[in-house]
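The form predicted alone is given below as one chain in structure tokens.
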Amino acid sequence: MIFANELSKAYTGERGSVRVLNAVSFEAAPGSVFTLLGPSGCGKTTTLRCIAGLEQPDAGEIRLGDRKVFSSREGIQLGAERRGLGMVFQSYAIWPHMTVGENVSYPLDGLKLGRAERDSRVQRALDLVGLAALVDRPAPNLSGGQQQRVALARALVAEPQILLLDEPLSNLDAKLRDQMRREIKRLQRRLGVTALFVTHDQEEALALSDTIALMNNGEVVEVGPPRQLYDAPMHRFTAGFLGLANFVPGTVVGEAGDGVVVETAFGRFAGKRRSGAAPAADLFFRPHKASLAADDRAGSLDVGTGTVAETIFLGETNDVLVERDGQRVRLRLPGRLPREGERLSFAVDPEFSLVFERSSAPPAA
């Protein structure tokens, strides 16, 4: 278990103090993958470094399992080497003058193990990542994917209960990233370690995580399972950051079940209210939650009508921009590629439509 409570951190430079963490709190359940996700500069890596003991927060508390490793109130600050963590850095930090086996065994130097036990642990770690045959290979002779596996084996060799991963896949190509995502998930499940994963890659976070904490401007915006944050976000930032999104300006004109009805340039749609009581609102739905509708349904609730402005063929689906009265929505539609300039009706699943308080920012299609 990883428990962080009210972590705050500021850096002082030539232009004064800059707060990078503002009361960050979360709890990662034992044996789970907990991901800190957010844009560059949001504070996710600083949070991980505080957990690792590589940075000291200005305030707050950190517990790893049943051990309190940091407390500003009690004056506790355990060094990184005393926290029993494994860590994989973005750069891998592979020692070029060492072999694969020597790199992996490095964390064991301070454990006073016998040679047989040391060799056995290195062998087990390399077996886990599929590199046992490369134990004597010089580190400079490794591919990027092999270096990533060596870094992962090195993090696991001391058999930690908690594994920290800081953007470990960002230097790999798309095919290797997909492969390593699967391998990391498999290893984590097999070993039962608690993993704290840091990434800015939404797809990576959705694929790997049991729980995601979405961060922005040094704060945790929303925490939850990937599907919950993707399909039913509570906050507008979450809705816009995770995946493609439509925010259609409209006006609340009535109620519908447990939600409200919003009138937009395209038609009237029902959605669950998320925030704000003002009539001015933005209807949110994801492009793939729309489908083609028959023209005779135009004017019905949850059916919109407009003119096809742009189309892109994507193979299994089509990316379609529909325009009306100066507004645009983006749809992902299977089947026939619509023609630009044609009239098109589309239906939106009200189960996945949300209504947020109107933003001053222009809507994105």
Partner chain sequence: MSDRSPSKPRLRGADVIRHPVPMLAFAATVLVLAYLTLVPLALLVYGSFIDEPGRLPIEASALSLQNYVQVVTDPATYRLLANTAVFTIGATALGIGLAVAFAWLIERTDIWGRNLLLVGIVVPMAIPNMIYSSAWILLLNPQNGWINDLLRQAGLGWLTFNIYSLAGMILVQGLSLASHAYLLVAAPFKMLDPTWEEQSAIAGKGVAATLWRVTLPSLKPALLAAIIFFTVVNMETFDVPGTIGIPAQVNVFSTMIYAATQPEYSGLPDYGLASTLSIVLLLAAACLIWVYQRQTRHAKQFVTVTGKGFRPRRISLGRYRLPLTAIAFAVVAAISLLPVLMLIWRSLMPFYMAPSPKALGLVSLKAYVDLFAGYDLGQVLRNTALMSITAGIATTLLAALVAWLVLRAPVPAGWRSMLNRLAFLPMAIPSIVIGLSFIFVYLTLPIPIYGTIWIIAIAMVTKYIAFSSGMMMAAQMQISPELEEASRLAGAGWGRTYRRITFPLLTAALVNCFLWVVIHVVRELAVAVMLYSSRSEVLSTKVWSLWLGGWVAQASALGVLTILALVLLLGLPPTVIRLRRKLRDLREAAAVPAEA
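Numbering follows the first chain given and starts at 1. Given the structure is predicted, the values throughout are model-derived calculations rather than measurements.
We do not show the form predicted in complex with its partner chain, though everything after this point is about it.
Q: In the model of the complex, does Gly259 have a heavy atom within 4.5 Å of its partner chain?
A: Although its partner chain is absent here, Gly259 would stay clear of it in the model of the complex, with no heavy atoms inside 4.5 Å.
Q: Counting only non-hydrogen atoms and a 4.5 angstroms cut-off, does Leu85 reach its partner chain in the model of the complex?
A: Leu85: contacts its partner chain in the model of the complex.
Q: Residue-level contact is defined here as any heavy atom of the residue lying within 4.5 Å of its partner chain in the model of the complex; does Gly254 satisfy this criterion?
A: Looking in the model of the complex, residue contacts with its partner chain do not include Gly254, since no heavy atom lies within 4.5 Å.
Q: Taking any heavy atom pair closer than or equal to 4.5 Å as contact, tell me whether Pro226 reaches its partner chain in the model of the complex.
A: Looking in the model of the complex, residue contacts with its partner chain do not include Pro226, since no heavy atom lies within 4.5 Å.
Q: So which of 137-145, 282-290, 120-128, 217-225 is the stretch with heavy atoms within 4.5 Å of its partner chain in the model of the complex?
A: Of the stretches listed, the one contacting the partner is 137-145.
Q: Please pick, from Gln202, Thr264, Ser71, Thr211, the one residue with any non-hydrogen atom lying within 4.5 angstroms of its partner chain in the model of the complex.
A: Residue within 4.5 Å of the partner: Ser71.
Q: Can you pick the one in Asp178, Asp295, Glu81, Glu159 that has a heavy atom within 4.5 Å of its partner chain in the model of the complex?
A: That would be Glu81.
Q: In sequence order, which positions of 103-127 have a non-hydrogen atom within 4.5 Å of its partner chain in the model of the complex?
A: Contacts from 103-127: Tyr106, Pro107, Asp109, Gly110.
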